[in-house]
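As a starting point, one isolated chain is supplied in structure tokens, in the form predicted alone.
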């Protein structure tokens, strides 16, 4: 089918019905086409026939202006998309990052604040690194120091909770620092990028004064939830309401379309802390999830680590066969923190023999921290303390809402 080129209009027979579609490319001997609904599907080439070339209209040139009377916000992009444009010739969605492009794509933002923009990377979130966390923390610090009323960080959803937690430890902020992403791209009718974007802007101008993640609260387009950076996890691969606050209530909600922000009673308020930055991170740390029958030999490859977080079973357990290998790690100067694979509840290694053995060799109870948050915290603590004893004390202390004084019932 070499006569069909990317961007051509084709007729596609699906479920016995002829539909018009846009040809994108070939993959694995199938034709990839974009339907009128915005969704891409792969079909056998014999199911499609060329209608002709499409005349793609140039994007409308809309003049936008920023209202100087509105509060200033900064949008920092790491590769997540707050506004995007579809190239109908290829089916690709490309990020448009100038303030004018964002306001053109999401005009309602222009009525919330005036924006300055900065892009520090353009990566898929699985390619995020601690070095980029540090670069981002410094960029946020500079923007807040320059006087913005809040910062929005656009980020891919898969690792957004790691980055948000990292910034919450590296940065104390007097203004909201809001992470936002999109589960579905702008070319899909069910995209959540616009609502998430305007809700994040509403929170960035609110009385909040901490790092948070703002994403859809329900499968409908009626509200977004505000999650504390150290308490949030992605719970579904593709649902728009994929994110949940774990072990604690969310910080609040944003109603849509009114954009009314409702905050809970235990939030950190704007102006509660002075701006400061401690961006050191010890990268020689790892997170290991224990499974029944897992050989302690997996720990042999971890020699030289400065920190290890284990996601253990139940109250925080591993096989008794792991005790000697963990003892050797601790003796070699590695700080080992035990967390639980359970989403709710806290580690308590005083109940069963294996747990008491772990405590005896110097393993630290991770309380009710999420394993990934414990990892990020350990990286920060080890880089910002003078001794292992001090590091152990800080790992047990609630610094950014990552540890609750009491474990709430799961909801």
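Numbering follows the first chain given and starts at 1. Heads up, when I say rigid core I mean the largest set of C-alphas that superpose within 1.5 Å between the two forms. This structure is a prediction, so every number in the text was calculated from the model and none was measured.
Missing here is the form predicted in complex with another copy of the chain; even so, the following discussion is about that form.
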Can you work out whether another copy of the chain is within 4.5 angstroms of a heavy atom in all three of 291, 302 and 320 in the predicted complex?
yes
As a check of understanding, the residue in 159, 205, 245, 117 with any heavy atom within 4.5 Å of another copy of the chain in the predicted complex should be identified as 159
In this chain shown alone, the residue from 260, 235, 275, 132 with a heavy atom within 4.5 Å of another copy of the chain in the predicted complex is 235
Counting only non-hydrogen atoms, the one stretch of 159-167, 145-153, 173-181, 327-335 within 4.5 angstroms of another copy of the chain in the predicted complex is 159-167
Problem - Interface membership of residue 298, another copy of the chain in the predicted complex, 4.5 Å heavy atom rule - result: yes
### Message
Is it the case that residue 313, even though its partner is missing from this view, gets within 4.5 Å of another copy of the chain in the predicted complex, heavy atoms only?
### Response
yes
With a cut-off of 4.5 Å between heavy atoms, is residue 344 one of the residues that contacts another copy of the chain in the predicted complex? yes
- Heavy atoms within 4.5 Å of another copy of the chain in the predicted complex: does residue 128 have any? yes
Does residue 27 move its CA by 2 angstroms or more between the shown form and the other one when the core is aligned?
yes
